[in-house]
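A single chain comes next, written as structure tokens; it is the form predicted alone.
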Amino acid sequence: MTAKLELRNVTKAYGKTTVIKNLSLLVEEGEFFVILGPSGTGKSTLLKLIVGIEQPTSGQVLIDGKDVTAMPPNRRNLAMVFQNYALYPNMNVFNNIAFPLKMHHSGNITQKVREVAEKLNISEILGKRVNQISGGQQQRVALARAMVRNPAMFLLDEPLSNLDARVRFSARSELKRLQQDLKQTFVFVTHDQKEAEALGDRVAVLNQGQFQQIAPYKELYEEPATAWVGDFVGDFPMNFVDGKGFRPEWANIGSGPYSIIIDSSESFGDIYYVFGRTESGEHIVLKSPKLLSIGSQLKFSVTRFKEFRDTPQSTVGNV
């Protein structure tokens, strides 16, 4: 496959603070590529470097094999969709979508707007103001405004985070379907595990300005390259005992060399999890066939594990 985006040894520093550290990356043509990481780790800065809003302190940005490092944003032909969608409240939906075409004095504006609106099923709201439509519709309007220019690539900065949980679920499906229909390259930034799992062909886990691992989400979960990735990726942090990292489902409960005192127990449909602490204070999450009593002791054995030299500082609360 052909590389749509390439970063070569990109570093970004603000004074003495280095936000992106000697980072290299290849994103393939037609790939849905997700950048996943906790807040404050450099995800949005990385997007700004790609689109040209920020300039790297060192390194190169290439699009379709062309070095665009010194190019301004308006010459890179990239479409960026922001978290707040950045729609114009004084315009109706039609004019929001048409705005970039008018700025570039394009022809056939009405036809282009109607074609992209039909693809996104928003033809019926073209005459409405953006404050009269739902959050999911606003997302589609923002995507339509990006699509209408036929950009080389789409950059999306946490575009689903302002939607409620039910709308976010359907929006993920729509976004993945749209990307597959368009056969375009999407680079999508998020802190949300479910978004990364549902959308990404590959996922790059970013921490403190560096990629810890780049792989399909399932591989990140099953074979984390570092203890930090194991701790960060997944609905629950990876458990760590005696240098062994293991997922809740990689243990058998009821007997074994390890034990916890149960702090709490939760159900997710017909799946149950217990949360507890070992005698030495490690926090453990285990999968259980039923809800168990708080304060009771639970023995368990580990049936599968990954060995790490160091256990990570927990990322819980930072995401």
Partner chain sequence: MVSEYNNPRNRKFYFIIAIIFVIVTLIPMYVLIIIAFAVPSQTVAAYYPPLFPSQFTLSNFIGAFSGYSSILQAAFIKSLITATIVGALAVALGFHASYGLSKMSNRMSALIISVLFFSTMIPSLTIAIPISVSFLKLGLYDSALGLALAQELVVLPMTVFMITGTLQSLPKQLELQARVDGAGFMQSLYTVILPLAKPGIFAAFLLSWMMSWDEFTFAVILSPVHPTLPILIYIDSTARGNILFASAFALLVTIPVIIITLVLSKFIKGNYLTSGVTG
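Throughout, rigid core stands for the largest set of C-alpha atoms superposing within 1.5 Å between the two forms. This is a predicted model, so every value here is computed, not measured. Numbering follows the first chain given and starts at 1.
Absent from the display: the form predicted together with the partner chain. The rest refers to it.
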Select from the listed residues V130, A171, I109, A227 the one whose heavy atoms reach within 4.5 Å of the partner chain in the model of the complex.
V130
Tell me, which of A86, L182, V167, A198 has a heavy atom within 4.5 angstroms of the partner chain in the model of the complex?
A86
Only one of these stretches, 215 to 223, 233 to 241, 111 to 119, 141 to 149, has heavy atoms within 4.5 Å of the partner chain in the model of the complex; which one is it?
141 to 149
Does at least one non-hydrogen atom of M80 fall within 4.5 angstroms of the partner chain in the model of the complex?
yes
Flag F246 as yes or no: does it have a non-hydrogen atom within 4.5 angstroms of any non-hydrogen atom of the partner chain in the model of the complex?
no
V51, heavy atom within 4.5 angstroms of the partner chain in the model of the complex
yes
F211 within 4.5 Å of the partner chain in the model of the complex, heavy atoms:
no
Heavy atom within 4.5 Å of the partner chain in the model of the complex: which residues of 87 to 122 meet that condition, in order?
L87, Y88, P89, N90, M91, F99, P100, M103, H104
Core-aligned, does K218 move its Cα 2 Å or more between this form and the one not shown?
no
